[in-house]
Ligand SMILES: Nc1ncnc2c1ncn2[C@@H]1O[C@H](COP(=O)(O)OP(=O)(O)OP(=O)(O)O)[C@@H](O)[C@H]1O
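Presented below, as structure tokens, is a lone chain in the form predicted alone.
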Amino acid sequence: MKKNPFFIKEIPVDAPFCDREKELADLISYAKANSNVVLYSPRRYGKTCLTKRVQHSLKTIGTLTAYCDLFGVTSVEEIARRIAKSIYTVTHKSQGMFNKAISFITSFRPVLSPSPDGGISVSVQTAFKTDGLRVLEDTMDSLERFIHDVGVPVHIAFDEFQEIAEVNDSIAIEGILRHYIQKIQCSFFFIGSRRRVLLEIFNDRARPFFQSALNYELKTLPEKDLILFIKSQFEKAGKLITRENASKICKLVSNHPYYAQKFCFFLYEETSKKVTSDDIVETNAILIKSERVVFESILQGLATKQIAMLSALAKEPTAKIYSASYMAQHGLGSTGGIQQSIKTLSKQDLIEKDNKTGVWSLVDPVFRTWLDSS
């Protein structure tokens, strides 16, 4: 049997990628023009994969590309540490570039050690102890001087950038980052899944980053293209699926990039030669079961009223969330309680409001199905 053509981990930059040609071209163009971009979408829409494809393309024309993941940062020192690490990671294979980085970035020293895969793992150690905001300022000042001196185009991606808003002194952190980023001659991508938090950083007049980057939304995959992608991937790997069955998959996952890949990964494993309707039903159950631990973890972090709100919207999306009948039918309690639940769930990007219809619904289609069937 041929290798499964679908992925449940991060899609390699050289693997087939459904659609996104326009997005890829747009983002490469913005990066070449030294523009700063806010790339946002719900979780697992492929922002990281797309960004790494952009950086892969930029590397071929001599651009130095750094990727800094800010997920889970808890302090200003950790933000500075990850920025320094991202530069050391991308330069350590070039002795001349690495030496430049070491000479400029003085707040952290690189530590190289063997990694389990046979390569080199890069970490950093604090070079001197001082105030956290001072460390960040020193790191950004070093980054500015390094990029000015390095002599090649530079592109830096900050993934899960909205995490800085949860750190103490967040406005001061934003102010320091904004001060240097507006001066540094390179392109920065600010990537995030908690859209409300991320967009507030860049669109709130009172925040340092106000209107300092282009807002670029990554949407679901076009159904027509996703159907063709599913069919072609199955056929290349020696199995068949009809257009009708591919369309069923698209509808079950609402054209969600990650879930489409994961569904088809399981389906390929379950199918002998040709996909049947029964295969799709069985695979849908496998997909939902595979996400159960994640969904249960989400619920464990929520209050009872917030869970009730999620369950109500899973069963019945609505524009009349404050109507007496809807509140009574789903046991949602008071208007004040609903307002607080909406605020919390929106901030966590678990629910969203359609700007055209005013309908509130769950962001994650499989989470919605799981809650509705629970």
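Residue positions are given as counts along the sequence shown, with the first one as 1. Model, not experiment: these values are computed from the prediction.
Beyond the structure shown, there is the form predicted together with this ligand, which is absent from this document and is the topic of what follows.
Put simply, of 43, 315, 56, 320 only one has a heavy atom within 4.5 Å of this ligand in the predicted complex, and it is 43. With the partner omitted from this view, the residue of 221, 97, 252, 167 that lies near this ligand in the predicted complex is 221 [heavy atom within 4.5 Å]. Shown here without its partner, the chain carries 360, 368 and 372, none of which come within 4.5 Å of this ligand in the predicted complex through any heavy atom. Comparing 253 to 261, 296 to 304, 131 to 139, 201 to 209 against this ligand in the predicted complex, the single stretch with non-hydrogen atoms within 4.5 angstroms of it is 253 to 261. Taking the partner from the other structure, this ligand in the predicted complex has a heavy atom within 4.5 Å of a heavy atom of residue 160.
Using a 4.5 Å cutoff between non-hydrogen atoms, residue 308 does not count as a contact of this ligand in the predicted complex.
Remark: residue 14 does not count among the residues lining this ligand in the predicted complex, judged by a heavy atom distance of 4.5 Å or less. Although the partner is absent here, residue 229 is a contact residue: one of its heavy atoms lies within 4.5 angstroms of this ligand in the predicted complex.
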